[in-house]
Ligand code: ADP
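One chain is shown next in structure tokens, namely the form predicted on its own.
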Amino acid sequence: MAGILDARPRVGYFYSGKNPGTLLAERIRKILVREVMSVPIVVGENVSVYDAAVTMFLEDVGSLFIVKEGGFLEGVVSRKDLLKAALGRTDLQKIPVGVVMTRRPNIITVTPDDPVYLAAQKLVYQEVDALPVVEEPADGPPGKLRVVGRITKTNITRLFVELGKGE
């Protein structure tokens, strides 16, 4: 009976004490970030603010992850960051995106093996639209994080809709 009833030999069926909400919460906590993450949109640190804004528009995302060679996370730039740069009345094609980005270690991240519930908590508490999904590669420099995906409010909403459908 979907976890609401349990069975034991020589006893039979009995109420497990779990309601449907508890069962759904348990299911959500078992879903990993790797199951719902999407492809990261990355640019180099020397890309101009103008080119970053164009990339953001063409890829239809709210933030870009800034990486160094090898895909190692250096920073994140959001629509708000680009808007602030544009309000400065400077030539956006001459300013590198590295000047306006948020740098490590001020970036909240998740790993592919984190529960999606933890990622959703971080999105809500930090009031951001996307988090980089990172791994610390065994062959890479110590302390460097390689970007392997992104998790967004849209990913979480899509998961919620699928759970609501019973998929």
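Heads up: residue numbers just count along the shown sequence, starting at 1. Here the structure is a predicted model, which means the values were calculated and not measured.
Just so you know, the form predicted together with the named molecule exists too; it's not on screen, but the next bit is about it.
This chain is displayed without the named molecule, yet in the model of the complex the stretch 100-108 from 113-121, 137-145, 37-45, 100-108 comes within 4.5 Å of it by heavy atoms. Within 4.5 Å of some heavy atom of the named molecule in the model of the complex lies at least one heavy atom of residue 129. For residue 74, no non-hydrogen atom is located within 4.5 Å of the named molecule in the model of the complex, even though that partner is not displayed. Mapping the unseen interface onto this chain, residue 80 counts among the residues with a heavy atom inside 4.5 Å of the named molecule in the model of the complex.
Contacts of stretch 139-158 with the named molecule in the model of the complex, defined by any heavy atom lying within 4.5 Å, are made by none of its residues.
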